[in-house]
Each structure stands twice: as C-alpha cells, then as structure tokens.
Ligand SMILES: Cc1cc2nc3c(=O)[nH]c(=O)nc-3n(C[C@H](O)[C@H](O)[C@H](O)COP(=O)(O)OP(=O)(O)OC[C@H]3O[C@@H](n4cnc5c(N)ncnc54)[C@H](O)[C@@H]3O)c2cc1C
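Encoded as structure tokens, the following chain is the form predicted on its own, with no partner shown.
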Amino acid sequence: MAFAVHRPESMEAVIAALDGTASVAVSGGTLAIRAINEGKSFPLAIVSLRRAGLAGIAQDDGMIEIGAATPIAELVRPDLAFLDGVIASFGAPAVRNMATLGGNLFAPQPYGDFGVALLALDASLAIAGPSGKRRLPLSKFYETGLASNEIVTGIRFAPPAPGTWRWLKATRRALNSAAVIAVAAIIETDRSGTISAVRIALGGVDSHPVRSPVAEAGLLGQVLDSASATKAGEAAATFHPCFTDTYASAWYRRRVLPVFMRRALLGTPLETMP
C-alpha cells in the first residue's frame, strides 16, 4: 500500500499534517509500522514526529517532564533510576532505542508497561491539536482517548519519594516478554508505619492499564505486612476481570495477581513465572 510520509519540523506543522483517520503520527514506529505491515492499519499518510522537537527530559519545580518522542533507552539516567526495573523488562535493547515513552501509552495490553508505571505515578499528558493545547490526566486518557487529530506531546509527573516506589512484572520468560501481570505502586507511610497514601496500577487485567481502587482502599490506614498485602491482592483478583490471550488465560491471571501484588508491595524480587 502506498502512502505519503511527512516529516514536519514544528508542532504547528505536525497538527497541520494530521488529517483524522487518514493519517497516523509515528515516532519510533514500533507499534504503527508493525500494524501497517500486518495489514491492521491503512493510513494514507504517516506523520513523523522525529523532527518536531518532542524529545527530551526536563525538571521544573520538582516535576519531571518527558517529551512524548523520547526513546525508552534515554530514560536510563540517575534521576529516573526508580524506572530501571520497568526499562529492564521492556523489550530488547534495539526496541528500547526506537520505542518512545509517548508511543508506549498506546500499546495494547498486555504490552504498555510504562502506562502502568505512569498511572501509579499519577502522570498527566500534554496534548496538542487544532483547538490548541490542553493537559489531561493519564487515567482520563485511558477512559476517553484522544481526538483523531490530537497528539500527546509530553508526560509530566512527580518523582516518588525514596522508598515508596514498587514495580513487579510477571512474565513467561525473563527478558523481552509481555506481562502476565504488571504491578506498579506508590506506598507512603506515617511515622507509625501506617499507610497514609497509596496508588496501585495494574497491567494484564483489562483492555488498558488501570488503578486498583479495592486494593488501595484495603491498604489505606493499615500497616503494610504480609497479611494486608495478601488481602489487597485477593480483593484485586476478585474485582478485576482479567482476560485471555496467547500469554495466559483469565483464570491464570487471576491466580497470579494476588501473588505478585503481595510480592510487589512487600518488595520481593521475583519477576518471572515458572
């Protein structure tokens, strides 16, 4: 299939080149080009974001802002060290050099590990379109999506306080595998050890990354220990529907979910399934 390729060099030019469902924005291309090659997408034009100035990482007033076209490999840096576990479980090195943070938000489950991590970080998105710029919570993005002529230009979040971050991913093999279950969480405690704030995000349980309200509610005000972590995991396994694909059945995911949530919350380092 023949299609035009546009390489705009500004955000304004990107928006002008997008034409609803007739065009597709591409940065790393690991999702969009694969869909085209497999006959699942039929755009009339590809709009490359490589020259549009959408890559880079900055800190401002305690917040981290990452351009949507920033390759995953560039996230390996000291101020983002808490994401090292997410990066290590994300594809092969060649894929990390091409795939971008913004693009990964559009990956279907059970892929899209960074969507899970960023949801736990309570990230927001910078979005641009013909009507101008706006900011949208990542949680809302997964509910509503974007207009066909809008693009994500950046991702913004506060780095977690030391000792509060959790990440664990259940996979069928050690490297370069989609998630059976992915768990990302931020757990804050007061001086007595009681959980004062909690956010838990899951992959592998729905059509997109989701927060787990039942697990969060069950942990809030509790001391984090094996009993409270187990109870939270069991509640999540009952609440979330899970799904069946070539990696795992819905039944298996529901069995794995409470185990890996408990391990994630307690910091048990086990990432692969037997």
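Everything numeric here is computed off the predicted structure, so don't read it as measured data. Start at 1 with the first residue shown and count on from there.
Omitted here: the form predicted together with the named molecule. The next part is about that form.
Q. Does every residue of R199, G204 and V256 put a non-hydrogen atom within 4.5 angstroms of the named molecule in the model of the complex?
A. Judged in the model of the complex, none of R199, G204 and V256 sits within 4.5 Å of the named molecule.
Open item on the list: Just to confirm, with a 4.5 Å cut-off on non-hydrogen atoms, which of F82, Y142, F106, F157 contacts the named molecule in the model of the complex?
Closed with: Contact residue from the list: F106.
Report task. Give a yes or no for S124: in the model of the complex, does one of its heavy atoms lie within 4.5 Å of a heavy atom belonging to the named molecule? Result -> No, S124 sits far enough from the named molecule in the model of the complex that none of its heavy atoms falls within 4.5 Å.
Worksheet item: Within a 4.5 Å heavy atom cut-off, is A68 in contact with the named molecule in the model of the complex?
Response: Close contact exists here: in the model of the complex, A68 approaches the named molecule to within 4.5 Å, heavy atoms only.
### Task
Would you please decide whether L31 lies within 4.5 angstroms of the named molecule in the model of the complex, comparing each non-hydrogen atom pair?
Looking in the model of the complex, residue contacts with the named molecule include L31, since a heavy atom lies within 4.5 Å.
So in the model of the complex, is the named molecule close enough to V95 to count as touching (4.5 Å, heavy atoms)?
V95: yes, in contact with the named molecule in the model of the complex.
(message) Please pick out the stretch from 180-188, 85-93, 131-139, 158-166 that is in contact with the named molecule in the model of the complex, where contact means heavy atoms within 4.5 Å.
(response) Only one stretch passes the 4.5 Å heavy-atom test: 85-93.
Considering only 99-123, what residues come within 4.5 Å of the named molecule in the model of the complex, judged by heavy atoms?
-> A99, T100, G102, G103, N104, F106, A107, Y111, G112, D113, in sequence order.
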